[in-house]
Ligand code: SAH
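Quick heads-up: it's one chain on its own, the form predicted on its own, in structure tokens.
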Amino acid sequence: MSRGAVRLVGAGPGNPGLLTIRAKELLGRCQVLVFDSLVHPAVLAMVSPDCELIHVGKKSGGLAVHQDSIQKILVEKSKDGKEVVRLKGGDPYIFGRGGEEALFLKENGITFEVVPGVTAASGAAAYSGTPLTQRKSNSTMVFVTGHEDPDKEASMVDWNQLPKENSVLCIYMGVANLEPIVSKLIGAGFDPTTPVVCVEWATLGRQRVCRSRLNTVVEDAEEFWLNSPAVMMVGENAKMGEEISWFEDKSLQGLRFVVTRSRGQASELSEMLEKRGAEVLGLPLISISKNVDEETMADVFAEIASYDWIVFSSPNGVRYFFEAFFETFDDIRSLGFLRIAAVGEATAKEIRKYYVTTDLIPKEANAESLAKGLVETGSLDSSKVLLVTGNLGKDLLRSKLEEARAIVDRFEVYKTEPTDLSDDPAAKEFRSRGADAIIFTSSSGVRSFVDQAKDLVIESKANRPKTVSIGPITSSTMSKLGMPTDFQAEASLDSLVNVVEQHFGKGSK
């Protein structure tokens, strides 16, 4: 069997949006992913469903997998002909032991590649308003580990030789040793009043920033309940965050929301919340995949130009319809002169990606409003309508259109199935930490959540997350299934985000 290859990839400081393009490309095609504990669940969701996931970080109540064992795993999997990604927090070559792994791979004749990532200090600096270099204050920065190999006989850090002025000192992994580190710095001649900033969970919605001075940071950090992972930055630039910090001012920064979504699909809602500083956990409650019957597809496309309307009930329907369409035709004009209706703006947005105009979008994104809008056009009597849907699509829309004397053909192009959350990284994260609120954007999401409740029990003593519904239909489903609705938005993503900001954002209480 031919040998595979190993990619040592930097996952960045935590925020999935800070991954490099190369990292995303490799994650999407790897066959084995070897990853540490701090990797975000959204990053793990970027791999294919059949990728083997191997967790080698510190586990709850246990020790990290030994470095020798990790290196053997990389060699063994690559010798099996696998494409392996070794995903490491930050940058592989900055306190990431990537050099050790690269040497071991070289010694064993394994092809490897190193993909740099945004290192923790850079992320912490940018998201806390702490420039690592500033023309008028410093042209030097120093990266130092605050946690060396315990097997070393002596420290390799010469604290006395670190620059004490006109520099920024970035200390990684120093929270557990904060008091001795501060003592060494002051003993080495650092000004006790030097500004210090400690950034916990840098770049994520749960980021916290403790601003202090060298002679008070130990007490301030204790009062702040500072925890790992955190980066400590020492120098005059550390006080600049009081003026140029931007992330901490976002309306939802420090809050955590669960968004129900399908496996492998990015969420527009997640992006909207993250832009406002929130930490978003996407729970893949359902799996959506293409499901087109070949015989039905042949019949539909043979008569495609004879339809008066195509009605799309979801963005997924749009994607899979056009995927099937272009397997048969190579020109969008093969659609003919029919009109197109979309259940809501999100579906219409997906249609626009194919440079096609949507003729009807109801004000409320639900089947009843869509049916009402179509009926009010006065065009349905004896018209041929193609209803594009999935396996769970209800017959309400079809029956309403047929009541208006339309001839309706149903074209199923995808199927929706529940996922197994028992070992899913995002579900594990939810069970361990909970959330401020769970946001439901569909009735199917509610039903899936209830059906899989046994795998979503929060382990901590945190308060029950609030629930937010996108509209009355989703709220009605929640009520029928015994789930309370704390807040309800109108049937649009903009309204949903506004409701979240109103009830959870800064200044809301």
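Numbers for residues come from their place in the sequence shown, where the first is 1. No experiment lies behind these values; they were computed from the predicted model shown.
Only in words, not in the display: the form predicted together with this ligand, which the text now covers.
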So in the predicted complex, does any heavy atom of G317 sit within 4.5 Å of this ligand? no
This ligand contact at M173 in the predicted complex, heavy atom, 4.5 Å: yes
Looking at the partner-bound form in the predicted complex, is T119 within 4.5 Å of this ligand by any heavy atom? yes
When the contact criterion is heavy atoms within 4.5 Å, does I94 count as touching this ligand in the predicted complex? yes
Just one of 278-286, 396-404, 291-299, 201-209 has residues with a heavy atom within 4.5 Å of this ligand in the predicted complex, so point it out. 201-209
Please identify the residue among G129, P425, P229, P362 with any heavy atom within 4.5 Å of this ligand in the predicted complex. P229
